[in-house]
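As a starting point, one isolated chain is supplied in structure tokens, in the form predicted alone.
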């Protein structure tokens, strides 16, 4: 429940059964993707595949790596939890083990989905992502579900595909150019995960990608594990007004002051605060 990505293909979230179904790519162009079902019995994660074929050790290692990455199992949260533990408004975060924002297996997928969230409704975001996945993603042999499309698959399509089929509007050119740059090796977005650049410098690099502005860069930074940006949009501003300003609009400086005490964790403190109702 930590992030809206749960509602976007190739994720499928079953709230009643408290499970996520996800299509994952495997290593090698010849390996078909596989559907995995992820549940949480006894506080652990159990991963079961729908594959009728035998999966090798490399396949199992890839699935394990992707699941650990998506659920942020290797993120060190103790400093964040220490920062919020003594705050009555935020101490619930520690008890819930909140703060590990669900993300995609690749930075590329997170980047494309982030561009799909800008200047539009969530319903349109969902439609655009579904159009990309169902039209360009490789199907699994077991159940016909589709993986998220590769940069090469997206680069092979004309701009008109994104405009007319995906209904991406002005983003059509952004998707085409981004896919071509990543597929050709000109742009290494996966390298952002381990970049040694400062957050400010990495943010400037992100904003050189067409379609990535201030808000999109801030959101993507959170998925990379950098939380010193707030990522304020109309929904966050409205939610802050409801929770902390008696329903009245608050300027961005007031919002920033409210979370400033959390320093490099302020963006995560804000996000947990805004999404507490989801977890409840």
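Numbering follows the first chain given and starts at 1. Predicted model, so just to flag it, every value in this text is computed and none were measured.
The discussion below concerns the form predicted together with the DNA, not included here.
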item: Stretch in contact in the predicted bound form with the DNA, which is absent here, among 231 to 239, 66 to 74, 45 to 53, 251 to 259 (heavy atoms within 4.5 Å); value: 231 to 239
item: The unique member of 119, 134, 195, 91 whose heavy atoms fall within 4.5 Å of the DNA in the predicted bound form; value: 119
item: Among the candidates 138, 181, 163, 100, the residue which, in the predicted bound form, approaches the DNA to within 4.5 Å (heavy atoms); value: 163
item: Non-hydrogen atom contact residue 124 with the DNA in the predicted bound form at 4.5 angstroms; value: yes
item: Contact label in the predicted bound form: residue 209 to the DNA, heavy atom within 4.5 Å; value: yes
item: Contact of residue 171 with the DNA in the predicted bound form (heavy atom, 4.5 Å); value: yes
item: Distance check, residue 271 to the DNA in the predicted bound form, heavy atom within 4.5 Å; value: yes
item: Complete contact of 4, 216 and 219 with the DNA in the predicted bound form (any heavy atom, 4.5 Å); value: yes
item: Partner contacts in the predicted bound form for 37 to 72 (non-hydrogen atom within 4.5 angstroms of the DNA); value: none
